[in-house]
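Only one chain is given next, in structure tokens, and it is the form predicted alone.
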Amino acid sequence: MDDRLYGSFVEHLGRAIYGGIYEPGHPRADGRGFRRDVLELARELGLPVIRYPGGNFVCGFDWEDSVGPAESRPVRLDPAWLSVETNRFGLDEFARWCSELGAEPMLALNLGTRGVDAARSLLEYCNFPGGTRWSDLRRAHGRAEPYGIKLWCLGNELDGPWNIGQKDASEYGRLARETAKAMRLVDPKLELVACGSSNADMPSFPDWEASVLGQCYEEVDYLSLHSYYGKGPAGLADYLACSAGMDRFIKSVAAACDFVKARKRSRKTMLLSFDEWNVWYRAVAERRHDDPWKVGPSLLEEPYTFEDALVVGCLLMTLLKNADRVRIACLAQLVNALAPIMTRTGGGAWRQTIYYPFLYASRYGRGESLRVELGCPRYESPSYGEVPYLEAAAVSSGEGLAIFAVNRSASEPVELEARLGGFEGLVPLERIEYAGYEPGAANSEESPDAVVPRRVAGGFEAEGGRLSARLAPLSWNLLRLGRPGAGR
């Protein structure tokens, strides 16, 4: 599997950047304005890739505004989020921040209001060594070496009526093809992501996928998926089943890709980039209209709870189980806006509940995703049909075996019995349990450790190729196994 399954996303949206990762004058800010407390929390997640600068923001973004001396950059209106964009944080700041984080940049192009020419100019600015108009401009800005950005998104959600420059599938497919052609003439080793449907509920899904790829299949490497999940009137049990919806979405998109592959008699299998996913249902987008045209307004600041952490744990397992096709995924987003990390402008930073399932999956869920066959009781979800009470995924690595599991039952424990074919010599190393909290429990600046996982001593048994553990009701669990004598 690809480690980039554990990526994230930073957009010029609300306080994600201004008051989030970038806050000059903050007591914890360094000389570049980067908040060190936020950087430390982000670094702990081990993020391999960060998508930037949007999102909806990118559809009206002029990249030239974000380079050069910060004090000379123009202040613009951002119609995507009805905000004022100062451009004090731009391409160079993002690249330096990614370098500090140890993450690869994933740069999105404006194919809403702009097109092929702006894309190839930005690529030249970022990646060409020198001796040309745009590469020499980069050098004049103090960056002698190229950024070397390899991963590019060809626009964002361009089927969405909320975006500037909305396009139909035929129009976008042709633009994506021509943009990809122009960029590959400069650098044939780029990885390019075409826009899939904005979500599975779009009226054009999955016809959009088939039409777009019908025009650009051989020119791109990935097709994007976006989806957000929330708790509806059917209640907690239905909400905990939403990962079944994610699984169906992935399989439907893969099927559309394979249809185009067959129709074109292509030898290439289209891979998937699930570059926006998360829980989002409380902080609705309409709130962006309440008090427009400010710098860094508070937008989409979802207060995540324990039940949200369980859902995120299930969604991560779904990505793991589809890692043969989904090679890149970005939790949307990273700081403040729909984020595992929250800050108070001028104040502290803390981890939201969803931080922890992502942390442990990123830390121990790298290697080879294994096929898991489940046999357990099921329940009927109004939105998703029959759903097992147990969700589980397993990853093998040089360190041993990691098993992730969620018990969806609110009242009954699950007795987990597993056959570990091929892993008979492994012994228990560690168990982490996230359980025992009310569904609505949350962390805050005042109580940052109110809802955290716990290490459980002697929490499971493994012998003779069999594993047994008792999973508490409404619990997320990590069971780690390794060779005898292995450290933790």
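Because the structure is a prediction, the values reported are computed rather than measured. All residue numbers refer to positions in the sequence shown, first residue = 1.
Although it is not shown, the form predicted together with alpha-L-arabinofuranose is what the next lines describe.
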Candidate stretches 448 to 456, 55 to 63, 435 to 443, 23 to 31, one within 4.5 Å of alpha-L-arabinofuranose in the predicted bound form by heavy atom: 55 to 63
Proximity of residue 379 to alpha-L-arabinofuranose in the predicted bound form, heavy atoms at 4.5 Å: no
Residue 276, heavy atom within 4.5 angstroms of alpha-L-arabinofuranose in the predicted bound form: yes
Contact flag, residue 177 vs alpha-L-arabinofuranose in the predicted bound form, heavy atom cut 4.5 Å: no
Touches alpha-L-arabinofuranose in the predicted bound form: residue 408 (any heavy atom, 4.5 Å): no
Heavy atom within 4.5 Å of alpha-L-arabinofuranose in the predicted bound form - the one residue of 85, 157, 307, 302 that qualifies: 157
Listed residue that, although alpha-L-arabinofuranose is not shown, lies within 4.5 Å of it in the predicted bound form (heavy atoms), from 107, 317, 402, 338: 338
Output flag, 229, 242 and 476 jointly within 4.5 Å of alpha-L-arabinofuranose in the predicted bound form, heavy atom basis: no
Sequence-ordered list of residues in 2 to 30 near alpha-L-arabinofuranose in the predicted bound form, where near means a heavy atom within 4.5 Å: 9, 11, 13
